[in-house]
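Take a look at this one chain, the form predicted on its own, written out in structure tokens.
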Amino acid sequence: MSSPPVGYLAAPDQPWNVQHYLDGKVGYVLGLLWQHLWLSVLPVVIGLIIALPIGYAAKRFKWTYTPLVTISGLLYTIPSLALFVVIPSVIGTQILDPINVVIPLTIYTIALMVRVIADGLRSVDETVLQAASAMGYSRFQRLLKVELPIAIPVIGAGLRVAVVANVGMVAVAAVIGVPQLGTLFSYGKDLFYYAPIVVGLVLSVALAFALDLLIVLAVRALTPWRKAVAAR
């Protein structure tokens, strides 16, 4: 079993000295950053995959829109801390298992994305759909080649909210001991050591900004036709 970073359990002499804190701990902090990254992104990917067919169903069968959107929206009201604590006893995992973080954040992603996907698909003009059908597109081809591409900007906006929210909520998982950047907040709070809190805060904001920018660039790459429309 590896020992904690040097000085990790010691009372700090220079509570605001970030450089002093990082001395010999860069690898440890980068490890927390990597853990925070995949715990933030994986639930968004899984949640999007699950939310796509649900959102499509809400758009395809109009009578399902209100119940599906309402039920999914209610999921977002469940406190994250409660889910982090309850999930291990429900699925029988160890308290430190990262899956205890992935499952709640996936639920939140689904809760957010069902409405976004349904509304994005509903925003596609009916004349566009009729034109696609007239060209011989099947319903599935129309979804893949017409509806989803047009809805990408709306879906992308929802993903930006989901991934930034996840970056913030992952930190809460520090209360159950799952290591990530939130660990620095807990450690700093317990010892009144502000340097690790600053490091964790800066890295969390930088991570959220980087992931948000990545989604923006991906949406632009997937919707080159928007430039032509804007140029008119």
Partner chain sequence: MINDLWSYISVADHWWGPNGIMARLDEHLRYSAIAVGISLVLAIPLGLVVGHTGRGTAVVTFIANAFRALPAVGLLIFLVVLISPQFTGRSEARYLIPTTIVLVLLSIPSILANTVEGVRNVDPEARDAARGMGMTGSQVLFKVELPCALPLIFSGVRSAVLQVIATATIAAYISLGGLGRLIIDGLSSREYPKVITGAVAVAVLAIVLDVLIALIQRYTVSRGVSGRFSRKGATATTAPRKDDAIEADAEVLAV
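Numbering follows the first chain given and starts at 1. In this text, all values refer to a predicted model and were calculated from it rather than measured experimentally.
This next part talks about the form predicted in complex with the partner chain, which is not shown.
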{"query": "Location of the partner chain contact in the predicted complex, chosen stretch of 40-48, 22-30, 53-61, 165-173 [non-hydrogen atom, 4.5 Å]", "finding": "165-173"}
{"query": "is_contact(I91, the partner chain) in the predicted complex, heavy atom dist at most 4.5 Å", "finding": "no"}
{"query": "Any non-hydrogen atom of Y65 within 4.5 angstroms of the partner chain in the predicted complex", "finding": "no"}
{"query": "Touches the partner chain in the predicted complex: P79 (any heavy atom, 4.5 Å)", "finding": "yes"}
{"query": "Distance check, V86 to the partner chain in the predicted complex, heavy atom within 4.5 Å", "finding": "yes"}
{"query": "Three-residue site F192, I197 and A208 fully in contact with the partner chain in the predicted complex at 4.5 Å by heavy atom", "finding": "yes"}
